[in-house]
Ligand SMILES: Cc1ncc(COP(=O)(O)O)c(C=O)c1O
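Quick setup: one chain, the form predicted alone, written in structure tokens, and binding and motion questions come after.
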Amino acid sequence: MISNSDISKVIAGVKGQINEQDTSLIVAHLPLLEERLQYLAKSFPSETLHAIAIKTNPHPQMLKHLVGLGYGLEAASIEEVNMAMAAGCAPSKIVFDSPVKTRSEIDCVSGLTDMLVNVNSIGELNRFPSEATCTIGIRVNPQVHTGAPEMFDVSRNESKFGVAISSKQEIINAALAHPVSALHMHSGSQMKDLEVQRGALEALKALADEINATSSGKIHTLDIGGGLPSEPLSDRTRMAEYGAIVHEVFADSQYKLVTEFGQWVHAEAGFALSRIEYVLDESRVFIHLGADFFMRDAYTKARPFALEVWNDTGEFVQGEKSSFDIAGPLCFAGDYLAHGAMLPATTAEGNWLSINGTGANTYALWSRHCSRTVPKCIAFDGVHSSIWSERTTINY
């Protein structure tokens, strides 16, 4: 978790860089981000390509930062492919996973040498030109249930993603008939049962082995997706446990491995600040971030964000705590960040509310509801704060 000391530094450091319109700030904590990326890399076999999911945090400066550190990018749309290219990412480090690629999009990427383009169906293979130089992969639905929440479970039998592994012979025939050299799977976000995931990895490897047994090593890349929930770093993490499983499953193989983590990388490496505009009835706080920034949390199950209160110079507001409901600025009844949050009883207009762990699926999901401007984005390097982007008006 981001320390109170660092939050204090950011508040004090941006004082001369913000104005009255800056009622909220989105902050990327770069040292913590880099620590998490290094932990990810150390948990997996050394030659693994980690393509960070753009959709989790698509800020252009964030993408450039990731590319500058040597990581790849996973794109879920042609727009994200273009963003990855604009960030300086080499095609060989870009993964394109859209489940609904148009013919023109396929024509656009098919000539990008070594870009991994994963098809979502056997029929999609027919859309690739014979002279394609990209790496073509088939997305396989492993048909497992890893405990991911239903909304994010993409490997159920009826999933819209990939070709069911129960259609194994169809996959093998397609891989032999087309210039396929990769297989891909992603079991879903926030996986809980890693032993089930182990079985999915083993099944994917066995499928690749079977194809290679009759094609002189045609399959050389296995994209195993992402899918772990956010967690603090420690000696024992789910990421380390999962990495150990990957080492075991692929210990005797020469496959190039690719991952697509997003939430695990970003969530803990960001926080937000919002001005407290009103304190009503000593029990309700109104701030300037709500379901526009926390869309998943307002419309599904809210994440348990750590909340603290600060004054304008970055001093931590302490004292006896009281229970508050924290309301956002949007005009609908469900726009609450939290109910019964314990904040200092002296919380007042003009204070900052810090919201920890907001690096993933927040800025990326900014809602047009009520047409509010996107807040200023700040990068914190451990000492100084710099502006990545000013407040941005939504274009319709």
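Please read these numbers as outputs of a predicted model, since none were measured by experiment. Quick note: we count residues from 1 along the sequence shown, nothing fancier.
One more form of this protein should be noted, the form predicted in complex with the ligand, which is absent from this view; the next part is about it.
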{"query": "Of Gly290, Gly270, Pro142, Gly227, the one that lies within 4.5 Å of the ligand in the predicted bound form (heavy atoms)", "finding": "Gly227"}
{"query": "The ligand: the contacting residue among Thr221, Ser167, Ser121, Gln190 in the predicted bound form [heavy atom, 4.5 Å]", "finding": "Gln190"}
{"query": "Location of the ligand contact in the predicted bound form, chosen stretch of 339-347, 47-55, 326-334, 61-69 [non-hydrogen atom, 4.5 Å]", "finding": "47-55"}
{"query": "Contact test in the predicted bound form: His186 vs the ligand, heavy atoms, 4.5 Å", "finding": "yes"}
{"query": "The ligand contact at Gly262 in the predicted bound form, heavy atom, 4.5 Å", "finding": "yes"}
{"query": "Contact set, 94-130 vs the ligand in the predicted bound form - heavy atom within 4.5 angstroms", "finding": "Asp97"}
